[in-house]
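Here's a solo chain for you in structure tokens, the form predicted on its own.
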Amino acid sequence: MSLLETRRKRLMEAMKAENIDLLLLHGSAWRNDYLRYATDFGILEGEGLALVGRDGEVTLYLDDALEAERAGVELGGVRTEHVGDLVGDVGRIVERHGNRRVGAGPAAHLPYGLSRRSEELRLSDATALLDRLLIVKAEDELNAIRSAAHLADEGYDVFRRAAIAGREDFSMIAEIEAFFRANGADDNFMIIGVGGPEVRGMAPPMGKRLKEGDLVTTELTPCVDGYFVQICRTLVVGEPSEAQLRAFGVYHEAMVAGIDAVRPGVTAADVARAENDVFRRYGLGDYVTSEYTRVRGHGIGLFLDTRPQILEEVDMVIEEGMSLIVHPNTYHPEVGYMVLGDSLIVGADGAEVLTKTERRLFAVAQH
């Protein structure tokens, strides 16, 4: 059974359980996981809406003619149509379904022209149903994520060898992108940080040249068969200083504490607290706040950064079958921004860590 067939089967079962006759799913080039779950199509331009019947029939409507042409070539078992007025045309199609119960999602991204007509079109919010399927995955999906993790590790090895003093960050990233594309990655989300205490986070490349003593941070997030896996590591150009090594030890301890906390029944808050408590013990509690960092990890899958967000205020229960990254990425006042993170699958007894790259502060040659 293909990944799409596995997902489609789960989707039909969920629709039947919730007594939903028709699903209306939205996707765009930025956020496409809900749509891709049912269609297996990764949008590059424009937006799309899919109508999914409880009998398994799927029609994908796209507002970009070239995207519709590509979908027609790539997809099997999905009818594809190019429409000039995505919201209006699909709204009229939904109208023709009369009294059938229609679930729509994700509610936060549904075009306003449809969401404002929710009552008229008899749309109910199906986001929770879809989130459940996206967050707790089938074994076939987890196997796809395991395969993607190997590529993430290989990609970081390429990144590490590309980090040479005097080289621009643009050039490094071009090499990584070429590697991923040549090895079957559909996509890759990647940000980078280069420098010392002045660096507060990671961003797209800005033309910085690597120099001796720089911390070089990155998160690589390759996508294989629609599934993202992430790895976060930090390296130093030249020999690391005592301060850099000492700081890295805190990050390492925090990541291990977070991963060790992962098991079914705990909450995302429990995992975040395990990481943050390490920083607090070293007098660095201020640096796990929103002023210096975003999350202590997050879900991964058909989207690169999804629920649950690993934060102390998030009480979502961790369940077997989830896939996550744990990463205590934040600013350190003495040496600058550091990152360290591994992707994992939640098993019955705890975390199955997928990314295998050594957890150390890498040192690369200056020339």
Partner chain sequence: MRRGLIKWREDELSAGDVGERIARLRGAMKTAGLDAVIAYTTLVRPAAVNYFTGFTPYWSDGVLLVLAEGRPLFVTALSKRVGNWLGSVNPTCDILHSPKPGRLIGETLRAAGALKVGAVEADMMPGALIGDMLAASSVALSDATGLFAAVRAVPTSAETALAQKADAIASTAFAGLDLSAACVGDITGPLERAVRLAGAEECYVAIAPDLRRESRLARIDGREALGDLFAARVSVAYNGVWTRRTETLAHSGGRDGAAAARFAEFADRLAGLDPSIDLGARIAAEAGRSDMAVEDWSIEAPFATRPLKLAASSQAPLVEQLPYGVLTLRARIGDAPMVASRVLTHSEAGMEAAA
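Note that this is a predicted model, so its numbers are computed, not measured. Positions refer to the first chain, counted from 1.
This protein has a second form, the form predicted together with the partner chain, left out of what is shown; the following refers to that one.
>> Is the partner chain in the predicted complex close enough to G249, V256 and F362 that every residue in that trio has a heavy atom within 4.5 angstroms of it?
In response: Spot residues vs the partner chain: no contact at all.
> Among 256 to 264, 269 to 277, 240 to 248, 164 to 172, which stretch has residues whose heavy atoms lie within 4.5 Å of the partner chain in the predicted complex?
Replying inline: Among the listed stretches, the partner-contacting one is 164 to 172.
>> Within 4.5 Å, heavy atoms only, which of V78, M190, V102, L133 is in contact with the partner chain in the predicted complex?
In response: Contact check passes for M190.
> Here the chain is shown alone; which of S115, S124, S147, T127 has a heavy atom within 4.5 Å of the partner chain in the predicted complex?
Replying inline: Exactly one listed residue reaches within 4.5 Å, namely S115.
> With the partner left out of view, is S28 within 4.5 angstroms of the partner chain in the predicted complex by any non-hydrogen atom?
Replying inline: Contact with the partner chain, yes.
>> My question is simply whether L44 lines the interface with the partner chain in the predicted complex - judged by any non-hydrogen atom within 4.5 Å.
In response: Close contact exists here: in the predicted complex, L44 approaches the partner chain to within 4.5 Å, heavy atoms only.
> So in the predicted complex, does G207 come within 4.5 Å of the partner chain, heavy atom to heavy atom?
Replying inline: G207: contacts the partner chain in the predicted complex.
> Should E319 be counted as a contact of the partner chain in the predicted complex, where contact means heavy atoms within 4.5 Å?
Replying inline: So E319 does not count as contacting the partner chain.
> Are there residues in 35 to 72 with a heavy atom within 4.5 Å of the partner chain in the predicted complex, and which are they, in order?
Replying inline: Heavy-atom contacts to the partner chain in the predicted complex: G42, L44, E45, G46, E47, D63, D64, A65, L66, E69, R70, G72.
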